[in-house]
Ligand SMILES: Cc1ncc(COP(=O)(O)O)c(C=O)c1O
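Below you'll find only one chain, the form predicted on its own, shown as structure tokens.
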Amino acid sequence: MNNIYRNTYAEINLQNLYQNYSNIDSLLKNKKVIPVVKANAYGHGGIEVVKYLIDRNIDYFAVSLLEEAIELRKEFKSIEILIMGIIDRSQFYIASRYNLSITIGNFDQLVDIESLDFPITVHMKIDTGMNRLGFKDENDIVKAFNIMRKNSHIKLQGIFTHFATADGNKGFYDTQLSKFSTVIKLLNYEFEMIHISNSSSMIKYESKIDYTTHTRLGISLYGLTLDKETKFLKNTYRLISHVSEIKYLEPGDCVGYGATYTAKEKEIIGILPIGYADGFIRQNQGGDVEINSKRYSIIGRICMDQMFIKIDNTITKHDDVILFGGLVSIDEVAKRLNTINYEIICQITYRVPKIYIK
């Protein structure tokens, strides 16, 4: 753990990450799985994750932003990268120069792209009901398709959509799938890539879809899911700190900003060098952490750089503390904070260094 001075870090298990990829890949026949590594690989470290997967013969990745794609391209010259977010004309040339595939999903982009005089690879985004990005009306879809097909500088490589309820509402999922299937028949074009499934759809439904060529593996690459029935995923992320200070309280002593916690008897508290500036937000007050395979309560308000836990006399200074990813799961933290597991790992900030298990 060189250059980790306060002993607070995220432990990233790349072995488990690849095992998640392999387990899901084995569910599919003759379809290529695209790892989604946007948002710094969901907080896991994009460069390290991609490098590990490249070494295992994976060569196509998806991101959301042009900046994310450029960061990967500067490190990895030969992989294919799809930008799933919408970019505008001022960025088309940059995408082309870095050999990136872009997403086209509205007519403002089409007005700009018609006059291009340099090559660019495009995936067409179809809005089947999420009402976020993509062409929605069938007439618009056909018009956009024809415009792109007529431009010799555009390589129309792929077409895709995104499901809003693959983890839950099957009826709405089926409606979206039906709309996309209709579009594929309507265009009657042999796309090199057709990809519609996210993690939930991939695990539960993709094997029954016969016209897709690729799938996009996002949150489940990182051992997480919104589907309760998925059991084979392995945890890839642990947030770890340590006990940097121990305080002994007398009855009536208060703890932290706002004095929100008062000792009712003689108590022992541990101070951890991690806080909301690290992404472990104040709303975590009242939750638990893990020390030596036992739970301990978070007390007092979480500070910018420090937090408090109630401990016992078995705990010593410098003992490791697992904030989540062990006994206290990421899903447990998400449930307590009334959010989803994605947000818990994505909100950990740059101040927390990463240690990789390879």
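In case it trips you up, residue 1 is the first one in the sequence shown, and so on. Everything numeric here is computed off the predicted structure, so don't read it as measured data.
Quick note: we don't show the form predicted together with the named molecule, though the next part is all about it.
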query: Heavy atom within 4.5 Å of the named molecule in the predicted complex - residue from S199, S101, Q176, T212; finding: S199
query: The single option of I309, V36, V333, V49 touching the named molecule in the predicted complex, heavy atom within 4.5 Å; finding: V36
query: Close approach of R282 to the named molecule in the predicted complex, 4.5 Å, heavy atom; finding: no
query: R132: touches the named molecule in the predicted complex, heavy atom cutoff 4.5 angstroms; finding: yes
query: Close approach of Y42 to the named molecule in the predicted complex, 4.5 Å, heavy atom; finding: yes
query: H123: touches the named molecule in the predicted complex, heavy atom cutoff 4.5 angstroms; finding: no
query: Heavy atom of each of M84, H162 and I219 within 4.5 Å of the named molecule in the predicted complex; finding: yes
query: Option from 204-212, 86-94, 258-266, 191-199 whose residues, in the predicted complex, bring a heavy atom within 4.5 Å of the named molecule; finding: 191-199
